[in-house]
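Coming up is one lone chain in structure tokens, specifically the form predicted alone.
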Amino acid sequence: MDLSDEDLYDVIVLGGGPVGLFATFYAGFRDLSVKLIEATEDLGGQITLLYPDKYIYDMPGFYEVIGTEVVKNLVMQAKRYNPTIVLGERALKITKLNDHKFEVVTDKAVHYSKTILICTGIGAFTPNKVEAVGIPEFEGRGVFYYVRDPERFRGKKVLIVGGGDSAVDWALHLKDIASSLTLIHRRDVFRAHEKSVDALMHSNVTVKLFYVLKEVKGDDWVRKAIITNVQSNKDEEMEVDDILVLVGYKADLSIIRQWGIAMDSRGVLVDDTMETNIPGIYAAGDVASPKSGFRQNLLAVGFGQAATAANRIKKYLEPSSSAFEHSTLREPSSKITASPETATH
């Protein structure tokens, strides 16, 4: 199959989280044509999905910064060199056609590139669920596992189930938006950051410890929740408009294991250049497992890995090119064609 220049990209970046976004920018910075493919309908990865309004304290250059602000700036930066961005497509299969041609099959289309950079984080997210009567029939009708728009909870009676960062952070964010907010947790020990827990316990949120969700009732929408005290085994009924079940997520890397890429229990094995066992396929961020054995799942580390991978891809495709292993005040590219409003597919 003959491919035009528009069909065959220099690199396909899989994953639109922070590391994938920075990789998209940096590859464009090195004059590479880039297609970014993200499985969900939103860019930003875990930040967008789990804690968009949480402060991030280990972002270089910022004393503290809200997650949504990080994502906003990363998206703007990623679009600088006019990449093609594809949302809502999950990569299912990667096939190496020859030394400089890969085929990526998603659940909706087929894409081609000379190299692949995997930035899928810790894998596809599936929310953990609770065993409560009525939960399945009210999913999407008052029972939610994500918060897409905080404003939809304005003036509502909200119940949050969970005791981790996501549950506590959303309780703090929604406490002044909802008309009333109750958080139940099956233990008296939280898995959230200590400062967040302290803020929660001194807020207007009603916190009920040693409680679980037993049953959900309603008509076309959730109307009531039955919660049970696990110590006394007594039930309580409460009126609710919405229930947020935030008890963690399962991450799944199983699809990558079908691609013939060497992996260990932590992710995709990479060398010091972020290359996998298959020449032309690289990985960066939480999905990458350095063969050296030293691993840190930090944004700062992921950004460095993304830059390393992009630089090595440039060298892989153009052996005579500069390694460009330094920062600069002058852009190496002679063409900046994108605006922050670059179209997204």
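Here the structure is a predicted model, which is why all the values come from computation and not from measurement. Definition used throughout: the rigid core is the maximal C-alpha set that superposes within 1.5 Å between two forms. From 1 onward, residues are counted along the sequence shown.
Here the subject shifts to the form predicted in complex with a small molecule, a form of this protein not shown in this document.
Residues with any non-hydrogen atom within 4.5 angstroms of the small molecule in the model of the complex fall in just one of 310-318, 27-35, 275-283, 292-300: 292-300.
When the small molecule is considered in the model of the complex, residue 11 lies well away from it, no heavy atom lying within 4.5 Å. The small molecule in the model of the complex is approached by residue 90, whose closest heavy atom lies within 4.5 angstroms of it. None of the heavy atoms of residue 70 is located within 4.5 Å of the small molecule in the model of the complex. The closest non-hydrogen atom of residue 120 lies within 4.5 Å of the small molecule in the model of the complex. Once the cores line up, the CA of residue 108 ends up less than 2 angstroms apart between this form and the one not shown.
Taking 2 Å as the criterion, residue 256 does not count as shifted between this form and the one not shown: its C-alpha moves by less than this amount when the rigid core is aligned.
Fitting the two forms on the rigid core leaves the C-alpha of residue 191 displaced by at least 2 angstroms between this form and the one not shown. The pair residue 57 and residue 169 is tighter in the model of the complex: their Cα-Cα distance falls by no less than 3 Å compared with this form. Between this form and the other one, the CA-CA gap for residue 249 and residue 290 narrows by 3 Å or more, being smaller in the model of the complex.
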